[in-house]
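In the block that follows, a single chain appears as structure tokens, in the form predicted alone.
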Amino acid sequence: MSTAAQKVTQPTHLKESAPLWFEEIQTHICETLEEIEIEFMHPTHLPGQFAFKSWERHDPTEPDNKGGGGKMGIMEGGAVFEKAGVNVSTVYGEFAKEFCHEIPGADKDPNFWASGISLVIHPSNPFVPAVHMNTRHIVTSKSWFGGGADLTPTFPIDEDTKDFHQSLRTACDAYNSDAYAKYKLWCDEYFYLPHRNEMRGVGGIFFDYVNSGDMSADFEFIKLVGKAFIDVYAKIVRRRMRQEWTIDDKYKQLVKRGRYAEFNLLYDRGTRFGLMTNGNVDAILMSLPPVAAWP
């Protein structure tokens, strides 16, 4: 490990176990989505599969010019999932001086270590909602967890919204009885397009700077969020993936995707963090939809 990475104070077991968990849940999520593709059994369309690509992050502040890396998992042109990106990374190095004031603890020491998973799924059927989930562990002179999950349907359906929120509420309640209300509100406030004066979707949870003083308990919460997300999203997809749709429905989906792209390019913290740490641009921008429209 590099000199810069060693400077960051962090319990050894989390530096080892957090990246392993993110890789484990990446595998589980990708396998689940591939299983759904097979179940769909499109008569003229082969089931979508993930292609994986590893990458290394280069950091000129490091003695060996390396600063970690990650693995991209991308499915394109699936029968159910038009595009799905499920990426993991573990990176380290130094923040550029101009960014240090934006990250807690970086003003005292520019060195950082970060590991996480980030995914965005754009389905083919307009009645299957798009979705985003990420969880991460970041260490500067401070240490915390962050992440969340939110649902972005073109056509909101109460049953799906209720199930999605209930699953996340259960995960939050197992961690802290006050967590769901706090993180739901944070999500509603965060995933908002001020220039459009509209919500991006039907919400979910969003949290950052989580450090209760018991990092092991915080890490278990991160695991619960990942498990809850894939369980409920797979349920919603299976419920909606055979629903009939029209060309007009598809156009409305493409317009909704345009809103999604606007948010991720203008406001998303993950996009900005990835770019300010010289991450893999293809991995950072995998959240953008394959096709979008603006009326």
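Values in this document were obtained by computation on a predicted structure and should not be read as measured data. Residue numbers here begin at 1 and follow the sequence given.
From this point on, the text means the form predicted together with a further copy of the same chain, which you will not see here.
Colleague: When the contact criterion is heavy atoms within 4.5 Å, does K83 count as touching a further copy of the same chain in the predicted bound form?
Modeller: Yes, K83 is a contact residue.
Colleague: Would you please decide whether L266 lies within 4.5 angstroms of a further copy of the same chain in the predicted bound form, comparing each non-hydrogen atom pair?
Modeller: Yes, contact at 4.5 Å.
Colleague: May I ask you to check whether L275 falls inside a 4.5 Å heavy atom distance of a further copy of the same chain in the predicted bound form?
Modeller: Yes, L275 lies within 4.5 Å of a further copy of the same chain in the predicted bound form.
Colleague: Wondering, does A234 line up within 4.5 Å of a further copy of the same chain in the predicted bound form on heavy atoms?
Modeller: It does not: once a further copy of the same chain is placed as it appears in the predicted bound form, A234 has no heavy atom within 4.5 Å of it.
Colleague: Quick one: which of 109-117, 193-201, 177-185, 136-144 gets within 4.5 Å of a further copy of the same chain in the predicted bound form, going by heavy atoms?
Modeller: Careful reading of the contacts points to 193-201.
Colleague: Considering non-hydrogen atoms and a 4.5 Å limit, which listed residue (E76, D163, D218, D208) is close to a further copy of the same chain in the predicted bound form?
Modeller: The residue in contact is E76.
Colleague: Can you list, in sequence order, the residues from 279-295 that come within 4.5 Å of a further copy of the same chain in the predicted bound form, counting heavy atoms only?
Modeller: Going through 279-295 in order - heavy atoms within 4.5 Å of a further copy of the same chain in the predicted bound form - the hits are V281, D282, L285, L288, P289, P290, V291, A292, A293, W294, P295.
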